[in-house]
Structures are given as structure tokens and as C-alpha cells.
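This document opens with one chain alone, in C-alpha cells, the form predicted on its own.
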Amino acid sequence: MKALRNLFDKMRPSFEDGGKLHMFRSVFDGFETFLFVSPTASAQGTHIHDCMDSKRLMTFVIIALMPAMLFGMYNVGYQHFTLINQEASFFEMFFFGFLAVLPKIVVSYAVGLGIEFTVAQWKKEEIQEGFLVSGMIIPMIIPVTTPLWMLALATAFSVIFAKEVFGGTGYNIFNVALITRAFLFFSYPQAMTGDSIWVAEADGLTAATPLATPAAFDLNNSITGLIPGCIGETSVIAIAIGAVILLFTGVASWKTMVSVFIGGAITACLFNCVGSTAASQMPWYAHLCVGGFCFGAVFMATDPVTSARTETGKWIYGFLIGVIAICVRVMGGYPEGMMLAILAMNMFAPLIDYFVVDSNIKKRKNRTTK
């Protein structure tokens, strides 16, 4: 690391004002602060003086995403070879899925980071690192058969219109990864719905997801993740490992996670009592295990930028996400209600925090006047 540090110190003059590469200073700063703690920090005042910055937080999230991503690669190969009724080893399945998923990761990062680098250069600001996580999540929440040009178009739309127009990282109202999925869902529904899209390169063959055929729900396969679905959303175990990492490092709020599951379970139980359709009669645990419910609760509902920030607000925010997700699934006819639920609550998160803060202020005033 010392040699790498010396290399960056030697290159820095070329990127500073007056240097021949000064126009790329933000790019240099972005790579330097990604590898090393920023050399500029406050020396006094109320600021916290440690090495933890947003890049380090994003790194923890990426590490937490790895179990679901790696299992998703294996599952892509497993579903493919199972559907064509061909024997294959573990490594053959994983390698097949790796080759299918890798181009989507490359396109997601190339387009998203390319736009962020361009905006940073244009505004002469530091590169914002918020897309480090979004760029990983986007390929995990889409079908493996999504064309790369659709992914590139949707990623560009979300980064520009859901993030940069609001001011960049930390100012966006909506979750960028979910806006990407929503863009694909409503602009190219044929690429996001149906049975055959969930299996790579298996033309003419279909593999229905548990949400498409509730009667075929299998608890064991849904927990392990050996079912058709989006790349990173199928395995409850892999997602749970990521949740433990996020909670252990203090990156995500356990209150938001728990309240999402509570809201979803209660709503599903109510539909079990009054509903008559196949979706309404799915057991509450089935609703929580399939689709994007677990992945959304762990990795997207807990987004610190777009979620509620007050402690009481986190309970309300998460609970309503769970309620809306199940209602959309059962009553709205959209199996992936989690996407719409989180985006809807992204809009109301600031309002929830406002009322929580206002209520606390009123309580304090009442105590002082008594």
C-alpha cells in the first residue's frame, strides 16, 4: 500500500490546477479517496474525526450484497441446466451464470459511473460515490434475459432523472436502482414479465415463478433460492447473511427491516381471512420468502438517503412498505409489489419524519409548560 500511496503522491501534481491533466482532477480524487482515507479532514469543531466516510459505508453494503450475487450466478446456471434437462457440475452452473450476469454488472457500472464522472467534471466537483451500491443492485433486481441496451437506457434514465437533477448523491428522493427497474417494468413490460424470461438461453422453455403460480410454492426451495426469479432476489439465506453484515456494521436500521416484515406478515394474514383468490390465500411466510420482498426489505427499504431517518419514523415507514407490497400483490395484480411499495414510501418518508419531529417538539413544549 505504501508503494501505491507514493504513486498517487507522485501523480497528484499533474492533476492539480496548472497540471497537464487538471481537467481530470475529480477522476483522480475519486480513485484516491476510494483507495485511501481522504487527506483533507476537519481539525476541530463538532465533526467526527475518523476514517469512516460514505465510500467505506458503500463498501460494507457491497460486501453484504456478495452472498446474494454469487448465489444468483449459480442459480442462473442451475435453472438453465435444470430446464434443458442436462447434467452439470457446480462449477459449470456457476460459470454459466457468471458469464450471463457479468456483462450486466459491467454495463450498469459503465453507464452509471460514466454519467457521474461526466457530471463531476462538468460541475468541477468531487465524484459522488453513491452509485457504487446502485450499480451492483441494478443487475440483481432484473431478469437475467434483460437485453444490455435496455439495461443501459434504464440506468442512464435513473441516474440522470432520479439522482443528478436533484443534486446528486444524498439529495435523491427515490431509490435509483428501483427507478431503473420501474423504467424497465413500465417501458418494456414484455422483458420484465412472463414465465420464460427468468431462464437464460432456454428458448421455448418456461419456468414459472412462485408468484405466478402460488399453488406451486415450495418453502425449502424458496429459502435456499433454487427457484426462477431475478438474479439476486431468490435466496432468503443469502439475503439473510447480507442482513447480518449490514446490521453488525451498523449500516442499516434493524427497525426498518423488522417493521417491513411485520407489516407484510400482518397484511398477508388479513388477506388469508377475507380473500378468495390464490394470491390472497398464500401463507404469510410464502409472501415474505418469494419475489423481491426479502431483498427489498434488507437492501432497499433501508437506503439511508430515501428512507425515514427518525427512529419512530423508521417503524412507520417500514410497516407501510410491508402493507403496500402485499396489497399490490393481492389486489393490484402486480406480483412484484415491493418495488411499487418502496417507491411510494420514498415520497412520504420526509413527511413521516416531519410529523414525528413535530410531535416530539409538541411533547417537549407540553412538559415545559406544566
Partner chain sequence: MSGLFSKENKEAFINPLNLNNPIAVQVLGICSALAVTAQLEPALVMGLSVTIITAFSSLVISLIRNTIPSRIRIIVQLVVVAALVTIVSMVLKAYLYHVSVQLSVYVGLIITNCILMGRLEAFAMSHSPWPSFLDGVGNGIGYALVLIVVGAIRELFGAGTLLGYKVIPQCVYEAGYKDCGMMVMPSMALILIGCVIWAQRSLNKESK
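None of these values were measured; they are calculated from a predicted model. Numbering follows the first chain given and starts at 1.
Missing here is the form predicted together with its partner chain; even so, the following discussion is about that form.
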150, 156, 173, 241 - the one with a heavy atom within 4.5 Å of its partner chain in the predicted bound form | 150
Counting non-hydrogen atoms within 4.5 angstroms of its partner chain in the predicted bound form, say which of 81, 109, 94, 183 makes the cut.
-> 183
Its partner chain in the predicted bound form: contacted by all of 258, 261 and 272, heavy atom 4.5 Å = no
Considering only heavy atoms, tell me if residue 188 and its partner chain come within 4.5 Å of each other in the predicted bound form.
-> yes
Does residue 99 reach its partner chain in the predicted bound form, with heavy atoms at most 4.5 Å apart?
-> no
Residue 266 near its partner chain in the predicted bound form, any heavy atom under 4.5 Å?
-> no
is_contact(residue 237, its partner chain) in the predicted bound form, heavy atom dist at most 4.5 Å = no
Counting only non-hydrogen atoms, choose the one of 69 to 77, 134 to 142, 156 to 164, 291 to 299 that falls within 4.5 Å of its partner chain in the predicted bound form.
-> 156 to 164
